[in-house]
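Two forms, one protein chain; structure tokens for each follow separately as structure 1 and structure 2.
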Structure 1
């Protein structure tokens, strides 16, 4: 491996640098640094908001340093009060263990775990679970005054609404993690969101008081959209997850495609490893040809490929091109047709008792009503008469109530479209 470098300048041009301790550049210059970031296992998946610190670990490793991802199996039992207005719902040990395993698999898509400088995944339950209360109070709690803790923003912001002793103790547990990792793994850097500065610097204080060692902090900005809305929410308001069972690859792709022109340049810097020249060229495309959405396409393809793989990203692009760019449905792959079933209304065709038999063709009225595109057969008839329906990319007329089996897409499907944006998919059994 080449000599390590300081990732600070890389993070700065990517607008990922919020603040860091004064001695961090010198620490990077002195040799390889081991740094860590914690991840909360209160859900079975990371979400796109977690990608900022994940990419921080990626840049740390790319600069020749050693990243450690710490899954908070122990602290997840408590809950971090930072950025919250109310107490968290506490999770069971079994749930947290399952969530931690799922998060480990997701982090492995970003970090290289091989070789002497490979990343490492640890779980703080390994040392927090067997820790006795008396031992914790004696060895960690005695180093912090109440005044010191009350001065931290994560605590001050909750004093009026109420803060339990459980969450109040979170800062000390996170500081204990930093000390434990300092001793076990030689960790001298913790990274995280800017709202974690108080918790991180508490760890620096504990390391200094107990070992006399030097440690550092680096934080990233908290991300908001240009319109002021919270980053990481879908159009429906829900979180955008990395788990495809929670957020499909198509919806994940669409989240990035939908980035505002005012945001996309920042997101390319934050969430991709594209070179500076390529990103600046895409910045220029946003200014000169915003309608082509080249920057959004590059962003969506890059992040979806990293999280879900090349095949899933390709299918997401196929489905997106069909639904929003008038792509020819005749070219759809089997995988894209399978993905479409999950994204638009889907039905299995059954020949109506008062309509043509399946051997005679497929009744379009039945397709429209079964999918819910038309409220009744009368409405379906009017839609055809008005030229408002197409099948597999071909507009129908009033005379096209019945379409032959030769019109079926591969896998015996009919893609039904009403107007410009309303779609449905019908599978016709053999």
Structure 2
């Protein structure tokens, strides 16, 4: 690796810099800096909204510094009031431990754990759990005035609606973490979302008071969507998770493909490691040929590959090409066919009692109704008459009510399509 360089300029052009302490550029210039970022184990998976701080750590490492990801197994038991309008529900110890383990595994995909500035994953439960209350009050609490704590935005905004002593104490725990990491690992930088500024600076304060050492803070901007919706929600409204069991790689890929033209340039900067020249070329492509959506494709391919791996990303692309770009279903890979079954309605065909026997062919009405694509046979019929149905990529007419078995795809499958984007997959037993 090259000499540690300041990631400041890199973060700046990527528009990832919200604010940082004054001495940070000098600290970066002086040599490798160890920086950390905390992740709440409130769920068993990270979601795309967590990706900004994750990428922050990645940039730190790429610039020759040493990143530490801290899973909040201890603080997760308390709950950060920052950016929250109401008290958090506490979670059980077991849930938090499980979540922490799952998040660790996801973070491992982004960071390099080998080499002189290899990343490290820590859990603050390791030192917070054994910490005694008296010890905490003497060593940490003593350094903070209530006035100081009340002045923090995270607290101030909650004075009206109410805030428990537990959540009020949160910033001290986070400060304690920072100090602990400063001592154990030589950490001198904490990064996080812009809402973390208050908590981070509490840590700087504690480090300065107890050790006289200098430490720094760096925060990222809040991600916004151009249309005013909340970033990280799928069209259905649910969060987009990194866990493939929660959000399939195909849906994950589609989330990025669907990025608004007005957002895609920023997202490329935030979430990919593409070089500046490449991203600027894609910006240009959005301006000159928005219909190509080259930027969205690049974004989706890059992020999906990093999170789910090359194979899963390829399958997601293949399925997307089939469903949205009229790719030939005959060329579908087995993996894509298997993925498809999970994404679109799937049914096993049974010849209807009053319809054509299986030997005569496959009844299209039956396929449409059992898949739930058409509410009734009458609707199915009208669809066919209007040219709204195609099978394996070929448009059917009113005369094609029964299709021959020779049209089945590998594994005796039939890809049924209604209109532009509603699909179903039928398996026809031999």
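Since we're looking at a predicted model, the values are computed, not measured. What we label the rigid core is the largest C-alpha set whose atoms superpose within 1.5 Å from one form to the other. Positions refer to the first chain, counted from 1.
Undergrad: Please let me know, 1 or 2, which structure is the form predicted in complex with the RNA?
TA: Answer is structure 2, the other one does not fit.
Undergrad: Please state whether residue 398 has a C-alpha shift of 2 Å or more between the two structures, with the rigid core used for the fit.
TA: Yes.
Undergrad: Could you check whether the CA atom of residue 357 moves 2 Å or more between the two structures, using the rigid core for the fit?
TA: Yes, the C-alpha position differs by at least 2 Å between the two structures.
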